[in-house]
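Next comes just one chain, in structure tokens: the form predicted alone.
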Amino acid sequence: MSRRRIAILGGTGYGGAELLRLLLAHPEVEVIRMTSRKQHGRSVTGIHRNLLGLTDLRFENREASMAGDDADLVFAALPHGTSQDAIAALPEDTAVVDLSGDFRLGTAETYEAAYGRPHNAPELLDQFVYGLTEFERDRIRRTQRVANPGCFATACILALMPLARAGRLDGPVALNGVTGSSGSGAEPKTTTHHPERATAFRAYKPLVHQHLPEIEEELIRGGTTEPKLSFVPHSAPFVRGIHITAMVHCSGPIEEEELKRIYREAYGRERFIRLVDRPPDVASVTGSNFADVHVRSAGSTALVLVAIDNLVKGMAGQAIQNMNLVLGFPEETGLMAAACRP
């Protein structure tokens, strides 16, 4: 059987690079196209030098309406606010996994409040299924369009959803997140420039991060009627990874054995979620599609710790999980590499 054909829109950033790295090792697909207006005609390996010897692709500058020609599925690895216009120009029957935030939220009003700009294609919002694979796989199998979650949102939802589904997410939740510099994208900025970042640790967007509304919306789908969340993300001096500390204040006592049972029932059969017996380390998931989860309790407080690679489980790896479901492959296909810890 011939391989399924994949196009990537906007392949110059870290998301596009990780998608291509993983897809080149996927046994069931071939990448036929990567697009970039600024890098048109340049070899892909001229930008992504880690892929030298693995691909002969060159960046193409195609109109969005033709970018998916001959492709079975299109990944949109474009910036927030740009992706919606490109996807709106694609034929209606094009299968799409969008890595931006443009189709994660339920309404144009929520999107504008989170991202500070109006939504240009609100008529398409209902076509997209939120792609937190472990909790939405049945809906993803039945759709052609997936909104891939944000990296912080992925880790936070993995931390909280088991409690939401068990009816124990009924009190205030304090979320603290730490991310590496790759979360800010490939374009150099003051906050990602190495001399500024290497010895710095700072909070940013406290209580107003754009991923908070998608976390709330997914938890409501999971059964929590009114999530009481506060979220403070932090920028740390490492490159890859996200670490989430979730302090959940339940309305009544929660024994540690009950807490562990809730998470075993939620994740015991999940291929990419590992319940670990000590606090997780981002180094143990770097380069992999695994999420490590650790839980403890004291009185009415449940502590949940989660570590993921922001570029894999938090972006490209989860996008491929979703692609696998849309195209009918086993969910783990092409994603079983271990972390690259030394």
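We number the residues from 1 along the sequence you see. All figures in this text were calculated on a predicted structure; none of them were measured in a lab.
Absent from the display: the form predicted in complex with another copy of the chain. The rest refers to it.
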Could you confirm whether S284 comes within 4.5 Å of another copy of the chain in the model of the complex, counting heavy atoms only?
yes
Check P206 for me: does it contact another copy of the chain in the model of the complex (non-hydrogen atoms, 4.5 angstroms)?
yes
Give a yes/no on whether S181 approaches another copy of the chain to within 4.5 Å in the model of the complex, heavy atoms considered.
yes
Contact flag, V29 vs another copy of the chain in the model of the complex, heavy atom cut 4.5 Å
no
Using heavy atoms only and a 4.5 Å cut-off, determine which of A89, V232, A114, I262 is in contact with another copy of the chain in the model of the complex.
V232
I need the one stretch from 117-125, 151-159, 93-101, 224-232 whose residues put non-hydrogen atoms within 4.5 angstroms of another copy of the chain in the model of the complex.
224-232
Partner contacts in the model of the complex for 291-308 (non-hydrogen atom within 4.5 angstroms of another copy of the chain):
R296, S297, A298, T301, L303, L305
